[in-house]
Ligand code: PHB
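The chain below stands alone and is given as structure tokens, in the form predicted alone.
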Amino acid sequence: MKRFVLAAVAAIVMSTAAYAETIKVGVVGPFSGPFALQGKNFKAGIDAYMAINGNKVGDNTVEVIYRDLPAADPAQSKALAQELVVKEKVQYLAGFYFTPDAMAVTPILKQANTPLVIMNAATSAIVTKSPLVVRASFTTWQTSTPIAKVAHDAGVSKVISVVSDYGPGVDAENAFKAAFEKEGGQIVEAIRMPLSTNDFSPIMQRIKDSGAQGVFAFLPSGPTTLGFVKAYKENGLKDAGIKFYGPGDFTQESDLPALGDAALGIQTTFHYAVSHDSPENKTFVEAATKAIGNKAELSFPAVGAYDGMHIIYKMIEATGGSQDAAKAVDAVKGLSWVSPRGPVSIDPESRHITQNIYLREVTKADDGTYYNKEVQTFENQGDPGLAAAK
């Protein structure tokens, strides 16, 4: 009996250490519903990476398994992650468009022995919830801080802040406020809207009544940002000279055809524009366009997913295909490479991505299409929000 038990234990140890023939990656995102285009971009970025780099790392084949989460739903997010880990036996979790969904998964990572690679969710605090989280995307602190200097340099001294009332919105509000007040500016009013808000006319009236020279805003990319920018134009704020500032969620490329001239001249700061001029981005855009089927639908979640897969491939390479979450994460601390967005690296302490943030201005091309033109670069930006998250 003793020999039998020892043999059984040895078999278990050998099976966990053995190289797997197929490495499964579980990706959770909005593949249906109002944010389905963002999920489509997740898949386009993943497909592009695998088309360029193949589906094998060493002797191991990479398989991606998708789970649909149409809207923010932390309980369902956790349930889907558990299903992927237990039933599908994925070795890596990735994706996650909304912060509450990513937060809900962090408590299971240690027991599951599974790293989590964030491809979008943008609250700074996510990486503090588990040492097994690595961010491939951005945070709203990171993208919202530089625009405060842009506003100040344009002669704007009074701004009203309008954000969705959830993690990234609160982060964006705090980031802009801290940076703008440091420049000597004043926040005359701060409005937090329910995440479900879709009628922005009352908000636009409050902006007009505030006496602010500009509005800083943050909402999750998709129908909400599209509606907000349209309301800004239709309610006369643009014509009244009230300047619009925010992170690039508001002018994601897939929304520009619908926004049309209403978006012209709007300045945003963001980590990526489809128009970014580099050989790496040209290769990425070509592959991602083929994957998504229509370049006009290509947007920033695709590059987060593309770079997320790069991180996962490096993890698989470092572990040889064995399931060792801590070793996998340790292997990418300090990792640097040239992304389609520019030079990036993974901070060895925070596991957050360091990257350039670009000031972009919506411009009309000669062929009548609209694009985000990069006009200034803020190099090697970390996440100012990490200090606030601790």
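Being a predicted model, the structure only gives us computed values, none of them experimental. We number the residues from 1 along the sequence you see.
What follows is about the form predicted together with this ligand, which we do not show.
Distance criterion of 4.5 Å from any heavy atom to this ligand in the model of the complex singles out 98 from the list 244, 98, 228, 180. Among the residues 273, 90, 121, 162, the one placing a heavy atom within 4.5 Å of this ligand in the model of the complex is 121. When contacts are defined as a non-hydrogen atom within 4.5 Å, none of 284, 297 and 371 contacts this ligand in the model of the complex.
Under a 4.5 angstroms non-hydrogen atom cutoff, this ligand in the model of the complex lacks residue 319 among its neighbouring residues. For residue 166, a non-hydrogen atom is located within 4.5 Å of this ligand in the model of the complex, even though that partner is not displayed. Put simply, residue 146 is far from this ligand in the model of the complex: not one heavy atom of it is within 4.5 Å.
Contact check for residue 214: every heavy atom lies farther than 4.5 Å from this ligand in the model of the complex. From the list 219-227, 78-86, 284-292, 306-314, the contact stretch for this ligand in the model of the complex under a 4.5 Å heavy atom rule is 219-227. Shown here without this ligand, the chain has only 249 in 235-253 lying with a heavy atom within 4.5 Å of that partner in the model of the complex.
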